[in-house]
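Quick heads-up: it's one chain on its own, the form predicted on its own, in structure tokens.
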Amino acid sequence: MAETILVVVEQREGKLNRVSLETLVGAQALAKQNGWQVEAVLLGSAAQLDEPAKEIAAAAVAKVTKLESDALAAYTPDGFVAALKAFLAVSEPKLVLLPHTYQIRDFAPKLAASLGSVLVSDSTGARFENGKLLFTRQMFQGKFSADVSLAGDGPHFASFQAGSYRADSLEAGSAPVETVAAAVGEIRTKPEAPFQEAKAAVDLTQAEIIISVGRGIKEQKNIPLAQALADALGGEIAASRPICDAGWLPMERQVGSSGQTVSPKLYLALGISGAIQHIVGMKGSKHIIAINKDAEAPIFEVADVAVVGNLFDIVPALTEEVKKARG
């Protein structure tokens, strides 16, 4: 019988986290390499899980399980760990993959430790090599990568960084959906609002279009130039670290190794030189357009479209063209 890769799919109030779909793509790739099968599990209340489960069931997975309980309607580490630990004891997967989100970072180490295992967190890829399962992790702010292997029988745990795989590469299928009553037990904590739902905060990992600014924007008073383009495109504004360090944009808008890792459909970099610390946070974007007056800027090495020119001339004209196209 084939070994199972179980993907823990994250949903919030009935809406899938996009990084979960990327994690499913990674699981499908691994399963193909070694003849394993992929299953998925979602946690929450019955009302929260119906639509996300249907969406996951349309992917090429063997089975989707809805792990239901009213006690899981609001996230708590106690509830999620107890429910998953009981479920894993029955399902016995060889490998458990998770999206590297704020929520996963909170409970996954506790879950792995409770089963005498470890978590390979924030992986950027995985593969089988000579029969050994290897996970790739970035080291020293992305300056180089290391392969990590796991010893023992499992279950092994790993989380994938946003942008490691492309959600639009998810293979379609038709999977059965099973409902299981979650064994939750005692919950010792009172749930509070998730981090990214705090006032003025933003979860850039869910954005499909990001307009990001760097030092080339020159002054804080020029930020509205980029914001106007973001508004016209229906996207989010972001920045490299120097912009956020200067207080020109909030820290939660920072993209890079010390900020958020993103994988939008479109990433438009304005006046960003392309330091490695920034590149590691956005190189998984499907389409990258970079505008910079320096023809030798490192950002052009990862860009799909490189525009050499003055952003103060190009961006206003581009904004007007977008507005015209959208009526």
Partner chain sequence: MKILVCMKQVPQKDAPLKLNESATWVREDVGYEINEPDAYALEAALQLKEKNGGEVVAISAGPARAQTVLREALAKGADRAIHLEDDKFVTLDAFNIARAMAAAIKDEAFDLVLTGLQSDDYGYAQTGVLLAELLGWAHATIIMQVEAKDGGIRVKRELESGYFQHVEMPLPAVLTIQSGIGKLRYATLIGIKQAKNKPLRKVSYDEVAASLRPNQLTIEKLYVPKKTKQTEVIQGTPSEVAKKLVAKLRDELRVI
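Residue numbers count along the first chain shown, from 1. For clarity, a rigid core is taken as the largest C-alpha set superposing within 1.5 Å between two forms. Predicted, not measured: the structure shown is a model, and the values here were computed from it.
Note that the form predicted in complex with the partner chain isn't included here; everything after this is about it.
Scanning S91, T179, T136, N222 against the partner chain in the predicted complex with a 4.5 Å heavy atom cut-off leaves one residue, T136.
For the options M251, V202, A183, V118, the residue carrying a heavy atom within 4.5 angstroms of the partner chain in the predicted complex is V118. Using a 4.5 angstroms limit between non-hydrogen atoms, K32 is distant from the partner chain in the predicted complex.
In the predicted complex, the partner chain lies within 4.5 Å of some heavy atom of S145. Shown alone here, K293 lies farther than 4.5 Å from the partner chain in the predicted complex, counting heavy atoms only. In the predicted complex, the partner chain lies within 4.5 Å of some heavy atom of A303. Figure note: of the listed segments 65-73, 50-58, 24-32, 265-273, the one touching the partner chain in the predicted complex, with heavy atoms no more than 4.5 Å away, is 265-273.
Taking the partner chain as positioned in the predicted complex, the residues of 153-189 that bring a heavy atom within 4.5 Å of it are, in sequence order, A162, G163, R188, T189.
Once the rigid core is overlaid between this form and the one not shown, D304 counts among the residues whose Cα shifts by 2 Å or more.
Residue displacement note: L229 has its CA displaced by at least 2 Å between this form and the one not shown (rigid core superposed).
Annotation: Cα of E208 displaced by at least 2 Å between this form and the one not shown, core superposition.
Between D106 and K265, the Cα distance is smaller in the predicted complex than in this structure, by no less than 3 angstroms.
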